[in-house]
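Before any questions on binding or motion, here is one chain by itself as C-alpha coordinates, the form predicted on its own.
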(Lines give C-alpha, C1' and ligand atoms only; values in the text may rest on other atoms or scores of the structure.)
Protein backbone atom coordinates (compact mmCIF):
# COMPACT_ATOMS: atom_id res chain seq x y z
CA UNK A 1 0.00 0.00 0.00
CA UNK A 2 1.38 3.38 -1.04
CA UNK A 3 0.20 6.79 0.18
CA UNK A 4 1.06 10.05 -1.55
CA UNK A 5 0.05 13.71 -1.14
CA UNK A 6 -0.76 14.81 -4.70
CA UNK A 7 -1.93 18.37 -3.92
CA UNK A 8 -3.10 20.48 -0.99
CA UNK A 9 -5.36 18.41 1.24
CA UNK A 10 -5.57 15.50 -1.24
CA UNK A 11 -4.09 12.09 -0.53
CA UNK A 12 -3.82 9.28 -3.09
CA UNK A 13 -3.59 5.77 -1.62
CA UNK A 14 -3.00 2.80 -3.91
CA UNK A 15 -2.51 -0.94 -3.68
CA UNK A 16 -1.34 -2.25 -7.04
CA UNK A 17 -2.25 -5.92 -7.32
CA UNK A 18 -3.39 -8.49 -9.89
CA UNK A 19 -5.14 -10.59 -7.26
CA UNK A 20 -8.68 -9.46 -8.12
CA UNK A 21 -10.79 -9.60 -11.26
CA UNK A 22 -12.24 -6.20 -10.44
CA UNK A 23 -10.65 -2.85 -9.61
CA UNK A 24 -11.99 -0.60 -6.86
CA UNK A 25 -11.77 3.18 -6.83
CA UNK A 26 -13.11 5.39 -4.03
CA UNK A 27 -13.23 9.16 -3.55
CA UNK A 28 -13.80 10.31 0.04
CA UNK A 29 -14.41 13.66 1.70
CA UNK A 30 -13.43 13.82 5.38
CA UNK A 31 -15.38 16.42 7.31
CA UNK A 32 -16.61 17.09 10.84
CA UNK A 33 -19.80 15.74 12.34
CA UNK A 34 -22.02 18.66 13.31
CA UNK A 35 -24.67 20.99 11.99
CA UNK A 36 -23.95 20.11 8.33
CA UNK A 37 -24.09 16.33 8.78
CA UNK A 38 -27.55 15.95 7.21
CA UNK A 39 -26.69 18.13 4.20
CA UNK A 40 -23.36 16.35 3.65
CA UNK A 41 -25.10 12.96 3.60
CA UNK A 42 -27.67 14.12 1.07
CA UNK A 43 -25.02 15.72 -1.15
CA UNK A 44 -22.97 12.54 -1.50
CA UNK A 45 -26.10 10.59 -2.40
CA UNK A 46 -26.89 13.17 -5.09
CA UNK A 47 -23.34 13.00 -6.48
CA UNK A 48 -23.48 9.21 -6.83
CA UNK A 49 -26.73 9.24 -8.84
CA UNK A 50 -26.07 11.55 -11.81
CA UNK A 51 -23.74 14.22 -13.16
CA UNK A 52 -23.80 17.04 -15.74
CA UNK A 53 -23.07 14.61 -18.61
CA UNK A 54 -25.36 11.79 -17.52
CA UNK A 55 -28.30 13.72 -16.16
CA UNK A 56 -30.66 10.85 -15.34
CA UNK A 57 -30.24 7.55 -13.54
CA UNK A 58 -31.01 5.73 -16.79
CA UNK A 59 -28.25 7.58 -18.63
CA UNK A 60 -25.81 6.89 -15.79
CA UNK A 61 -26.70 3.19 -15.81
CA UNK A 62 -26.10 2.98 -19.55
CA UNK A 63 -22.67 4.54 -19.10
CA UNK A 64 -21.82 2.10 -16.31
CA UNK A 65 -22.98 -0.79 -18.50
CA UNK A 66 -20.61 0.37 -21.25
CA UNK A 67 -17.78 0.06 -18.71
CA UNK A 68 -18.33 -3.70 -18.57
CA UNK A 69 -21.07 -3.42 -15.96
CA UNK A 70 -19.29 -1.13 -13.50
CA UNK A 71 -21.13 -0.15 -10.31
CA UNK A 72 -21.23 3.26 -8.64
CA UNK A 73 -22.40 3.71 -5.06
CA UNK A 74 -21.91 5.94 -2.05
CA UNK A 75 -21.21 5.32 1.61
CA UNK A 76 -21.49 7.49 4.71
CA UNK A 77 -19.61 6.51 7.86
CA UNK A 78 -18.31 7.89 11.15
CA UNK A 79 -14.68 7.81 12.19
CA UNK A 80 -14.46 9.37 15.60
CA UNK A 81 -15.98 12.86 15.44
CA UNK A 82 -15.54 12.88 11.67
CA UNK A 83 -18.00 12.13 8.89
CA UNK A 84 -16.55 10.24 5.91
CA UNK A 85 -18.43 10.66 2.62
CA UNK A 86 -17.37 8.19 -0.08
CA UNK A 87 -18.20 7.55 -3.72
CA UNK A 88 -17.15 4.04 -4.76
CA UNK A 89 -16.75 2.74 -8.31
CA UNK A 90 -16.05 -0.93 -8.96
CA UNK A 91 -15.26 -2.16 -12.48
CA UNK A 92 -13.63 -5.06 -14.25
CA UNK A 93 -9.83 -4.92 -14.02
CA UNK A 94 -8.08 -3.86 -17.22
CA UNK A 95 -6.53 -7.33 -17.55
CA UNK A 96 -9.93 -8.86 -18.36
CA UNK A 97 -11.30 -6.41 -20.95
CA UNK A 98 -11.72 -7.28 -24.64
CA UNK A 99 -8.83 -6.50 -26.96
CA UNK A 100 -6.73 -5.09 -24.08
CA UNK A 101 -9.04 -2.11 -23.65
CA UNK A 102 -7.94 0.19 -20.82
CA UNK A 103 -10.98 1.46 -18.89
CA UNK A 104 -9.25 2.53 -15.67
CA UNK A 105 -8.82 6.12 -16.84
CA UNK A 106 -12.45 6.24 -18.03
CA UNK A 107 -13.58 5.06 -14.58
CA UNK A 108 -11.50 7.71 -12.81
CA UNK A 109 -12.89 10.43 -15.06
CA UNK A 110 -16.48 9.25 -14.55
CA UNK A 111 -16.05 9.35 -10.80
CA UNK A 112 -14.46 12.82 -10.96
CA UNK A 113 -17.28 14.05 -13.21
CA UNK A 114 -19.74 13.01 -10.50
CA UNK A 115 -17.75 14.79 -7.80
CA UNK A 116 -16.77 18.00 -9.60
CA UNK A 117 -19.50 18.40 -12.24
CA UNK A 118 -22.82 17.39 -10.73
CA UNK A 119 -26.17 17.85 -12.43
CA UNK A 120 -27.05 21.37 -11.22
CA UNK A 121 -28.54 24.65 -12.42
CA UNK A 122 -27.51 28.19 -11.41
CA UNK A 123 -30.07 27.89 -8.61
CA UNK A 124 -28.67 24.65 -7.21
CA UNK A 125 -29.49 20.96 -7.53
CA UNK A 126 -32.71 20.05 -9.34
CA UNK A 127 -35.78 19.57 -7.15
CA UNK A 128 -36.64 16.23 -8.77
CA UNK A 129 -33.23 14.79 -7.89
CA UNK A 130 -33.26 16.26 -4.38
CA UNK A 131 -36.73 14.93 -3.56
CA UNK A 132 -35.79 11.45 -4.79
CA UNK A 133 -32.60 11.28 -2.74
CA UNK A 134 -34.32 12.76 0.31
CA UNK A 135 -36.87 9.97 0.21
CA UNK A 136 -34.22 7.26 -0.17
CA UNK A 137 -32.03 8.68 2.61
CA UNK A 138 -34.96 8.99 5.02
CA UNK A 139 -35.87 5.38 4.26
CA UNK A 140 -32.32 4.34 5.19
CA UNK A 141 -32.56 6.11 8.54
CA UNK A 142 -35.97 4.64 9.30
CA UNK A 143 -34.81 1.15 8.32
CA UNK A 144 -32.22 1.26 11.13
CA UNK A 145 -35.10 1.25 13.64
CA UNK A 146 -36.30 -2.11 12.32
CA UNK A 147 -32.96 -3.80 13.03
CA UNK A 148 -33.18 -3.90 16.83
CA UNK A 149 -29.55 -4.91 17.31
CA UNK A 150 -28.35 -1.93 15.28
CA UNK A 151 -30.98 0.29 16.88
CA UNK A 152 -29.85 -0.60 20.43
CA UNK A 153 -26.22 0.07 19.51
CA UNK A 154 -27.04 3.47 18.01
CA UNK A 155 -29.14 4.38 21.05
CA UNK A 156 -26.23 3.59 23.37
CA UNK A 157 -23.90 5.80 21.34
CA UNK A 158 -26.53 8.55 21.21
CA UNK A 159 -26.92 8.54 25.01
CA UNK A 160 -23.28 7.91 25.89
CA UNK A 161 -21.98 10.65 23.58
CA UNK A 162 -24.93 13.04 23.85
CA UNK A 163 -22.59 15.99 24.46
CA UNK A 164 -20.16 14.96 21.71
CA UNK A 165 -20.31 15.04 17.92
CA UNK A 166 -19.93 11.25 17.84
CA UNK A 167 -23.42 10.93 19.30
CA UNK A 168 -24.96 12.15 16.03
CA UNK A 169 -26.40 9.72 13.50
CA UNK A 170 -23.97 9.43 10.59
CA UNK A 171 -26.77 10.32 8.13
CA UNK A 172 -28.07 13.24 10.18
CA UNK A 173 -31.66 13.90 11.27
CA UNK A 174 -34.83 13.28 9.30
CA UNK A 175 -36.36 16.63 10.21
CA UNK A 176 -33.23 18.43 8.98
CA UNK A 177 -33.10 16.45 5.74
CA UNK A 178 -36.72 17.29 4.96
CA UNK A 179 -36.04 21.05 5.25
CA UNK A 180 -32.91 21.18 3.06
CA UNK A 181 -33.21 23.30 -0.09
CA UNK A 182 -31.61 22.86 -3.50
CA UNK A 183 -29.51 26.01 -2.95
CA UNK A 184 -28.28 24.90 0.51
CA UNK A 185 -27.15 21.58 -0.92
CA UNK A 186 -25.29 23.34 -3.73
CA UNK A 187 -23.46 25.48 -1.14
CA UNK A 188 -22.52 22.38 0.87
CA UNK A 189 -21.16 20.69 -2.25
CA UNK A 190 -18.97 23.73 -2.94
CA UNK A 191 -17.67 23.72 0.63
CA UNK A 192 -16.82 20.02 0.41
CA UNK A 193 -14.78 20.22 -2.79
CA UNK A 194 -12.94 23.39 -1.74
CA UNK A 195 -12.36 22.95 1.99
CA UNK A 196 -12.54 19.26 2.95
CA UNK A 197 -9.59 16.87 3.12
CA UNK A 198 -9.88 14.30 0.33
CA UNK A 199 -8.61 10.76 0.07
CA UNK A 200 -8.66 8.80 -3.20
CA UNK A 201 -8.08 5.05 -2.93
CA UNK A 202 -7.36 2.59 -5.74
CA UNK A 203 -7.03 -1.20 -5.60
CA UNK A 204 -6.24 -2.91 -8.90
CA UNK A 205 -3.55 -3.75 -11.43
CA UNK A 206 -3.32 -0.40 -13.25
CA UNK A 207 -0.36 1.94 -12.81
CA UNK A 208 -1.18 4.41 -9.97
CA UNK A 209 0.26 7.17 -12.17
CA UNK A 210 -2.83 6.85 -14.38
CA UNK A 211 -5.08 7.71 -11.45
CA UNK A 212 -2.96 10.67 -10.38
CA UNK A 213 -2.77 12.14 -13.90
CA UNK A 214 -6.53 11.74 -14.38
CA UNK A 215 -7.46 13.31 -11.03
CA UNK A 216 -5.10 16.30 -10.84
CA UNK A 217 -6.72 18.43 -13.59
CA UNK A 218 -9.97 18.54 -11.62
CA UNK A 219 -8.19 20.06 -8.62
CA UNK A 220 -6.12 22.59 -10.59
CA UNK A 221 -9.01 25.02 -11.08
CA UNK A 222 -9.99 24.91 -7.40
CA UNK A 223 -8.48 27.31 -4.91
CA UNK A 224 -8.10 24.90 -2.02
CA UNK A 225 -6.55 27.20 0.59
CA UNK A 226 -8.33 26.81 3.92
CA UNK A 227 -8.45 23.04 4.30
CA UNK A 228 -10.65 21.95 7.19
CA UNK A 229 -8.75 20.57 10.19
CA UNK A 230 -10.65 17.53 11.40
CA UNK A 231 -10.04 15.95 14.79
CA UNK A 232 -11.70 13.88 17.48
CA UNK A 233 -12.15 14.77 21.13
CA UNK A 234 -11.37 11.83 23.42
CA UNK A 235 -12.84 11.42 26.91
CA UNK A 236 -10.41 9.16 28.74
CA UNK A 237 -12.64 8.16 31.66
CA UNK A 238 -16.32 8.13 32.54
CA UNK A 239 -17.58 10.79 34.94
CA UNK A 240 -20.52 8.71 36.16
CA UNK A 241 -22.44 5.55 35.33
CA UNK A 242 -25.75 5.98 33.53
CA UNK A 243 -28.49 3.43 32.83
CA UNK A 244 -31.03 3.98 30.07
CA UNK A 245 -34.12 1.72 29.84
CA UNK A 246 -36.50 1.55 26.93
CA UNK A 247 -39.46 -0.76 26.25
CA UNK A 248 -40.58 -2.01 22.86
CA UNK A 249 -42.75 -4.85 21.65
CA UNK A 250 -39.88 -7.21 20.74
CA UNK A 251 -39.31 -10.87 21.44
CA UNK A 252 -35.67 -10.49 22.48
CA UNK A 253 -34.29 -7.80 24.76
CA UNK A 254 -31.01 -6.00 24.07
CA UNK A 255 -28.29 -5.13 26.57
CA UNK A 256 -25.59 -2.79 25.28
CA UNK A 257 -22.82 -1.52 27.55
CA UNK A 258 -20.33 1.27 26.84
CA UNK A 259 -17.00 1.94 28.56
CA UNK A 260 -14.39 4.67 28.07
CA UNK A 261 -11.18 2.90 27.05
CA UNK A 262 -8.71 5.42 28.47
CA UNK A 263 -7.40 6.46 25.04
CA UNK A 264 -6.15 9.97 24.27
CA UNK A 265 -6.04 9.45 20.47
CA UNK A 266 -7.02 6.60 18.14
CA UNK A 267 -3.65 4.79 18.12
CA UNK A 268 -2.89 5.29 21.81
CA UNK A 269 -2.16 1.87 23.37
CA UNK A 270 -4.07 0.29 20.48
CA UNK A 271 -2.27 -3.12 20.29
CA UNK A 272 -2.77 -3.86 24.02
CA UNK A 273 -6.39 -2.68 23.98
CA UNK A 274 -7.14 -4.68 20.83
CA UNK A 275 -5.84 -7.87 22.44
CA UNK A 276 -7.71 -7.08 25.65
CA UNK A 277 -10.88 -6.81 23.59
CA UNK A 278 -10.14 -10.15 21.87
CA UNK A 279 -9.79 -11.82 25.28
CA UNK A 280 -12.90 -10.11 26.63
CA UNK A 281 -15.42 -10.65 23.84
CA UNK A 282 -13.76 -10.59 20.44
CA UNK A 283 -13.80 -14.26 19.53
CA UNK A 284 -15.12 -17.77 20.26
CA UNK A 285 -12.35 -18.26 22.84
CA UNK A 286 -13.23 -15.03 24.70
CA UNK A 287 -14.63 -14.80 28.20
CA UNK A 288 -17.99 -13.42 27.11
CA UNK A 289 -18.54 -16.23 24.62
CA UNK A 290 -17.27 -19.17 26.67
CA UNK A 291 -18.61 -18.08 30.06
CA UNK A 292 -21.55 -15.68 29.74
CA UNK A 293 -23.05 -17.18 26.58
CA UNK A 294 -22.06 -20.87 26.68
CA UNK A 295 -21.58 -21.87 30.33
CA UNK A 296 -24.10 -19.52 31.96
CA UNK A 297 -26.52 -19.37 28.98
CA UNK A 298 -27.48 -15.79 29.80
CA UNK A 299 -27.38 -14.41 26.25
CA UNK A 300 -28.33 -15.39 22.73
CA UNK A 301 -25.22 -13.55 21.59
CA UNK A 302 -22.60 -11.59 23.49
CA UNK A 303 -19.56 -9.87 21.99
CA UNK A 304 -17.40 -6.79 22.43
CA UNK A 305 -15.73 -4.34 20.07
CA UNK A 306 -13.11 -1.66 20.48
CA UNK A 307 -14.00 1.59 18.71
CA UNK A 308 -10.48 2.99 18.67
CA UNK A 309 -11.45 6.03 16.59
CA UNK A 310 -13.36 7.32 19.63
CA UNK A 311 -11.76 5.40 22.52
CA UNK A 312 -14.83 3.29 23.35
CA UNK A 313 -15.33 -0.34 24.33
CA UNK A 314 -18.84 -1.63 23.62
CA UNK A 315 -20.55 -4.94 24.47
CA UNK A 316 -23.65 -6.01 22.56
CA UNK A 317 -25.88 -8.85 23.75
CA UNK A 318 -29.32 -10.28 23.17
CA UNK A 319 -31.06 -11.40 26.37
CA UNK A 320 -34.38 -12.45 27.81
CA UNK A 321 -35.76 -9.58 29.90
CA UNK A 322 -35.66 -11.63 33.10
CA UNK A 323 -31.92 -12.34 32.58
CA UNK A 324 -30.85 -8.75 31.92
CA UNK A 325 -29.51 -7.93 35.39
CA UNK A 326 -27.75 -11.31 35.70
CA UNK A 327 -26.10 -10.82 32.32
CA UNK A 328 -25.01 -7.28 33.21
CA UNK A 329 -23.34 -8.47 36.41
CA UNK A 330 -21.68 -11.40 34.62
CA UNK A 331 -20.30 -9.18 31.82
CA UNK A 332 -18.88 -6.71 34.34
CA UNK A 333 -17.26 -9.57 36.27
CA UNK A 334 -15.53 -10.92 33.17
CA UNK A 335 -13.91 -7.54 32.54
CA UNK A 336 -12.75 -7.46 36.18
CA UNK A 337 -11.17 -10.89 35.68
CA UNK A 338 -9.05 -9.50 32.84
CA UNK A 339 -8.06 -6.52 35.00
CA UNK A 340 -6.86 -9.04 37.61
CA UNK A 341 -4.86 -10.92 34.99
CA UNK A 342 -6.98 -14.06 35.18
CA UNK A 343 -6.27 -15.34 31.67
CA UNK A 344 -3.68 -17.85 30.48
CA UNK A 345 -0.73 -17.38 28.16
CA UNK A 346 -2.30 -19.95 25.85
CA UNK A 347 -5.47 -17.85 25.57
CA UNK A 348 -3.31 -14.80 24.88
CA UNK A 349 -1.48 -16.68 22.11
CA UNK A 350 -4.83 -17.67 20.58
CA UNK A 351 -5.94 -14.04 20.66
CA UNK A 352 -2.75 -12.93 18.91
CA UNK A 353 -3.07 -15.64 16.26
CA UNK A 354 -6.73 -14.83 15.67
CA UNK A 355 -6.15 -11.11 15.22
CA UNK A 356 -3.11 -11.56 12.99
CA UNK A 357 -5.12 -13.98 10.81
CA UNK A 358 -7.75 -11.24 10.50
CA UNK A 359 -5.07 -8.75 9.48
CA UNK A 360 -3.70 -11.12 6.82
CA UNK A 361 -7.19 -11.66 5.40
CA UNK A 362 -7.45 -7.93 4.61
CA UNK A 363 -5.51 -8.64 1.41
CA UNK A 364 -8.20 -11.12 0.30
CA UNK A 365 -10.82 -8.44 -0.33
CA UNK A 366 -10.48 -5.17 -2.23
CA UNK A 367 -13.16 -3.54 -0.07
CA UNK A 368 -11.22 -4.45 3.07
CA UNK A 369 -8.03 -2.94 1.61
CA UNK A 370 -9.95 0.21 0.70
CA UNK A 371 -11.36 0.46 4.25
CA UNK A 372 -7.93 -0.11 5.80
CA UNK A 373 -6.37 2.72 3.81
CA UNK A 374 -9.32 5.01 4.56
CA UNK A 375 -8.99 4.35 8.31
CA UNK A 376 -5.68 6.24 8.16
CA UNK A 377 -7.17 9.20 6.29
CA UNK A 378 -6.16 11.83 8.85
CA UNK A 379 -3.29 10.03 10.61
CA UNK A 380 0.31 11.16 10.34
CA UNK A 381 1.54 7.64 11.16
CA UNK A 382 0.59 4.66 8.98
CA UNK A 383 0.76 0.98 9.99
CA UNK A 384 0.56 -1.73 7.39
CA UNK A 385 -1.29 -4.92 8.44
CA UNK A 386 2.11 -6.63 8.73
CA UNK A 387 3.50 -3.92 10.99
CA UNK A 388 0.43 -3.97 13.22
CA UNK A 389 0.76 -7.74 13.51
CA UNK A 390 4.34 -7.25 14.75
CA UNK A 391 3.12 -4.79 17.38
CA UNK A 392 0.34 -7.18 18.43
CA UNK A 393 2.76 -10.10 18.88
CA UNK A 394 5.04 -7.92 21.04
CA UNK A 395 2.29 -7.13 23.59
CA UNK A 396 2.83 -8.68 27.04
CA UNK A 397 0.28 -9.89 29.57
CA UNK A 398 1.22 -7.05 31.90
CA UNK A 399 0.54 -4.45 29.19
CA UNK A 400 -2.95 -5.88 28.69
CA UNK A 401 -3.66 -5.69 32.43
CA UNK A 402 -2.52 -2.05 32.50
CA UNK A 403 -4.69 -1.23 29.48
CA UNK A 404 -7.72 -2.94 31.05
CA UNK A 405 -7.24 -1.06 34.32
CA UNK A 406 -7.89 2.27 32.53
CA UNK A 407 -11.33 1.19 31.26
CA UNK A 408 -14.28 2.79 33.08
CA UNK A 409 -18.01 2.08 32.74
CA UNK A 410 -20.00 4.94 31.24
CA UNK A 411 -23.46 3.90 30.02
CA UNK A 412 -25.75 0.86 30.07
CA UNK A 413 -28.60 0.77 27.55
CA UNK A 414 -31.38 -1.79 28.05
CA UNK A 415 -34.09 -2.45 25.48
CA UNK A 416 -36.61 -4.49 27.42
CA UNK A 417 -38.40 -7.04 25.32
CA UNK A 418 -42.06 -7.89 25.51
CA UNK A 419 -43.40 -11.01 23.81
CA UNK A 420 -45.59 -10.23 20.86
CA UNK A 421 -49.22 -11.25 21.11
CA UNK A 422 -50.32 -14.26 19.09
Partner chain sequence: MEKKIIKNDLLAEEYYEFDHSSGLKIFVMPKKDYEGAFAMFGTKYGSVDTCFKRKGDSDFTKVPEGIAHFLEHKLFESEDLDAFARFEKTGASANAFTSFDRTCYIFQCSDNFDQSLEILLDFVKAPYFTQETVDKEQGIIGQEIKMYQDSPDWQVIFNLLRCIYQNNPVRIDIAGTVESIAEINAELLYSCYNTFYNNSNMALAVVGNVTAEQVIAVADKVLKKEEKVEIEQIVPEEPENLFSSYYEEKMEVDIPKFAIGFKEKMLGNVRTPKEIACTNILLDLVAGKVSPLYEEMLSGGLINKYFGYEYFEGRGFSVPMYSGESSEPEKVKEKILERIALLKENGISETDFEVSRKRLYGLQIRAFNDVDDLAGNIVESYFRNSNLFSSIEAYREISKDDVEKILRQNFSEELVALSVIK
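These figures come from a predicted structure and were not determined experimentally. The term rigid core refers to the maximal set of C-alpha atoms that superpose within 1.5 Å between the two forms. Positions refer to the first chain, counted from 1.
What comes next is about the form predicted in complex with its partner chain, which does not appear here.
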Check your understanding: Pick from 264, 305, 248, 243: which has a non-hydrogen atom within 4.5 Å of its partner chain in the predicted complex?
Key -> 248
Practice item. Counting non-hydrogen atoms within 4.5 angstroms of its partner chain in the predicted complex, say which of 326, 231, 349, 105 makes the cut. Key: 349
Check your understanding: Is it the case that 62, 68 and 297 all touch its partner chain in the predicted complex, with a non-hydrogen atom of each within 4.5 angstroms?
Key -> yes
Revision key, fill the gap. Only one of 279-287, 179-187, 109-117, 162-170 sits within 4.5 Å of its partner chain in the predicted complex by heavy atom distance, namely 279-287
Review point. Residue 332 near its partner chain in the predicted complex, any heavy atom under 4.5 Å?
Key: no
Review point. Is the gap between residue 87 and its partner chain in the predicted complex 4.5 Å or less for some heavy atom pair?
Key: no
Review point. For residue 372, is any heavy atom within 4.5 Å of its partner chain in the predicted complex, or not?
Key: no
Exercise for review: Check whether residue 22 has any heavy atom within 4.5 Å of a heavy atom of its partner chain in the predicted complex, and answer yes or no.
Suggested key: yes
Practice item. Between 23-59 and its partner chain in the predicted complex, list the residues on our side with a heavy atom within 4.5 Å. Key: 56, 57, 58
Point to revise | Did residue 94 shift 2 Å or more between this form and the one not shown, C-alpha, core superposed | key: yes
